[in-house]
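Next comes just one chain, in structure tokens: the form predicted on its own.
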Amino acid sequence: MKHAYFALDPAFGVGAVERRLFGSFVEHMGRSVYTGIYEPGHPAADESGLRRDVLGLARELGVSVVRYPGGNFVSNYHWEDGVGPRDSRPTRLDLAWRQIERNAFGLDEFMTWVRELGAEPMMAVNLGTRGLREACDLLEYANHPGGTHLSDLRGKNGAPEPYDIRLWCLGNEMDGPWQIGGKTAAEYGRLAAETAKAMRRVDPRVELIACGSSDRDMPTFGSWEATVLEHCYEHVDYISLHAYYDPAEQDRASFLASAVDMDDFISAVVATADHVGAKLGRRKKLKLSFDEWNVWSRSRFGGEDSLDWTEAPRLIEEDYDVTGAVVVGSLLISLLGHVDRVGIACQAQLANVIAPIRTEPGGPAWRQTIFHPFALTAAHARGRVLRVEPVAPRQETARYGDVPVLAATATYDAETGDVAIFAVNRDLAEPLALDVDLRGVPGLAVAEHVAIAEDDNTARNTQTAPDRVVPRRLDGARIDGDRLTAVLPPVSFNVVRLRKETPR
């Protein structure tokens, strides 16, 4: 059996676990909103039309932040269309996804839903077809206490208290040729700076996110970030990253190594942001907002031009298997490993559209395989992320070359003394014997070892078999003296929880 090793010591940490890493994304796209989180008349819907079954699953998932309303959708969106009496809201063409948008669900409904969820809202403003004035109007509607036309309108619409939304995205993927109202880096950088300055006049407490490259493979990647930040570095708090990993366009070993690319992507954006900060003579360090990430068979999508004008179509509803879940687990490990600079992350999306939760109109909701690594990590990552430097065997991949078979991180809760180890075995065929040196965290006992692993790595959860793939408890994890040993199945995501022993 192959062996891997690392040591844990609270003296060597990356940073505190940021709860905002466990974010999600709801866009007016496909069935994410309509028949996803919102379906009046559904047996599980409340009086507001919100599906309580989906809300319960989102709570179980551990979602901490929800980005809304887009995504590409936001760049042609009039937020005013989605507030006020529903019978007077206009029906519009959504140019991003060629859908009919009836605006039955808007900002006020979203805020009702996100508060029920217990998550933090993250709003995006339209810097494609609109701009500074509309961004400030939306912020005034959302956050100003009262006494103005827009804040009083919010009260008239049933929300007298401010929404107090802190996180705001300054547009979405503005470098993309597919974006409605896309910009050059200089155009966008100036617009982002001026919009940020004006929004801080309305509410100085806001935290602002500038658009980074929409993909690491964009021909302008790097230069886009540098130019944008030269304009708006002092006015924003975050720069965004987006990445989707496609199982359909690469060999399986490369797909399992997707987190290698995520690590490199994060490091490159950090280097660019720090270069600009140094060039401008700024002491502050920008944080990163990885506000779109997931597994998506993007190469199979025919593009926006292939879509027909319709309402809430079944759009990119990925059926995830075990391998996809393991990759999602490895991406979560990567995000935790960069918690010193990544302050926000949002898996895209929450329901139906490349999502951990699937629904049927009028029917059930269920957990996809990728639900489980997210829920496990959100539930058990507490305290500080420890620096993990594994020594592990390697395997060859066509895309990333020679990569380690082990991806791992760990968290340490100083209040309880508990440790959680998150580990992926990328090996396609062989289990991996893991050996962890615990001299830095003595007095622990194994609480449990759970894994997402199946003999059939193509197994999926479906409407008729919603629990085909679930986390399973594994026996065999042991602590002997100051050493933990455990066996990680091939193609598996693992959580090994260690508890502080109570003195007898």
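For clarity, every value in this text was computed on a predicted model and none was experimentally measured. In case it trips you up, residue 1 is the first one in the sequence shown, and so on.
Keep in mind that the form predicted in complex with a small molecule is not shown, yet the notes after this line are about it.
- Think of it this way: in the predicted bound form, the small molecule has a heavy atom of just one of 298, 98, 144, 341 within 4.5 Å, and the residue is 298.
- Exactly one listed residue, out of 425, 240, 349, 409, brings a non-hydrogen atom to within 4.5 Å of the small molecule in the predicted bound form: 349.
- No residue of the trio 77, 94 and 309 has any heavy atom within 4.5 Å of the small molecule in the predicted bound form.
- Within 4.5 Å of any heavy atom of the small molecule in the predicted bound form lies no heavy atom of residue 39.
- Remark: residue 54 does not count among the residues lining the small molecule in the predicted bound form, judged by a heavy atom distance of 4.5 Å or less.
- For the chain shown alone, residue 381 is not a contact residue for the small molecule in the predicted bound form, no non-hydrogen atom being within 4.5 angstroms.
- When contacts are judged by a 4.5 Å heavy atom cut-off, residue 71 counts as touching the small molecule in the predicted bound form.
- In summary, the region of this chain contacting the small molecule in the predicted bound form, judged by heavy atoms within 4.5 Å and restricted to 387-395, 165-173, 255-263, 416-424, corresponds to 165-173.
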